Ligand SMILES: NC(=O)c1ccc[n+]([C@@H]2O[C@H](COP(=O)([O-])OP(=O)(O)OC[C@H]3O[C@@H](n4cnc5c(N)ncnc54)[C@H](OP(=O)(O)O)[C@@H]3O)[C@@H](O)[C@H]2O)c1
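The chain that follows stands alone, in the form predicted on its own, written as structure tokens.
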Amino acid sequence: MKYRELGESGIQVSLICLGTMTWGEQNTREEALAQMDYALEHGVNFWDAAEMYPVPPRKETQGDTERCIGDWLKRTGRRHDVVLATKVTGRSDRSWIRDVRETRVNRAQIIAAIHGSLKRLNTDYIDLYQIHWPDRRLGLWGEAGASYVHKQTADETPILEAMETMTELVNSGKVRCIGVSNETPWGVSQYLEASKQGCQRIVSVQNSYSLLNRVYEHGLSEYAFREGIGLLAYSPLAMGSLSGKYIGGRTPAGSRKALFPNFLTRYESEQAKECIVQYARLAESHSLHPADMALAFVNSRPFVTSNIIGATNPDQLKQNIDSVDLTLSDELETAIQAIHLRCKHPAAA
């Protein structure tokens, strides 16, 4: 395994991060426990969760992902071997997450959220606590693509309020460092401004990044890199689409597309489908599995701190972790860029 520093925190995390959002929905508790055993055995010390997980979010299962991790920690006693990340839910109408009319990232709700996560996780601290998405309204998860549509909201929670609260958590010892997710260059700049006012400095931004969505490269990559903020890349396989398993309209039994078809719509435009086919053919021409090439591409970006993989079976987990040892040739890099230039960001989110 390879390791990189989490921002400027001094914490070393594995280049492959264990994503957990299927635990409690697509994966059972026993399967989750087995994934954690295997991942740590193979050097993956960085695990990412959220209070909202598993996905798709439902009242009946909310928090079960963190409970799986908490069960593992209680069973093994290996808390100090793991860099544990989780997230506080952004603005949403999922009132059941915290028994409120609307989830927000204000002081009261952040404090309520951290206490809930600590209890479910069976730990007294979280290594990286992240704001899952902003309190202000943005087009996310394919809603507005790569275009910004301003949605002014009079009651936005000030970023400074959120950061002062997160800083309290760090000072209390409940959190070691903080990060953000699904953010823009402007948003990251405001978090950094808050650090100039005495708040803890963010160390990471967790955004979608893959061969189908390289929007992060436009402005945010340089800005964050120069400021010492690492990218935690999520959906590196575009919810499995870049593995090639859905090409030609295939829908494997038990796959996310079979179970939750609405989750993959952003990857099913004609342009996205054509792009996926081109990347699959390119990988196969270099004797690579399409998933291996897609993951190796993300792993090799200098601004990526960790690549958040997600697996629902042991074979997928092994393949995803093994991608850390792959190196793309200059010829393959050039060919990838040529495809990208022909169909930029077909699944921007």
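Since the structure is predicted, the reported quantities are computational estimates derived from the model, not experimental observations. Note that residue numbering follows the sequence shown and begins at 1.
The discussion below concerns the form predicted in complex with this ligand, not included here.
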Candidate stretches 102 to 110, 71 to 79, 170 to 178, 234 to 242 - the one whose heavy atoms come within 4.5 Å of this ligand in the model of the complex: 234 to 242
N45, T61, N299, T312 - the one with a heavy atom within 4.5 Å of this ligand in the model of the complex: T312
Listed residue (A39, A32, I308, A294) with a non-hydrogen atom within 4.5 angstroms of this ligand in the model of the complex: I308
Partner contact for S9 in the model of the complex: this ligand, 4.5 angstroms, heavy atom: no
Touches this ligand in the model of the complex: K87 (any heavy atom, 4.5 Å): yes
4.5 Å heavy atom contact, M21 and this ligand in the model of the complex: yes
In the model of the complex, Y279 touching this ligand (heavy atom, 4.5 Å): no
This ligand in the model of the complex reached by all of Y53, H132 and S255, non-hydrogen atom within 4.5 Å: yes
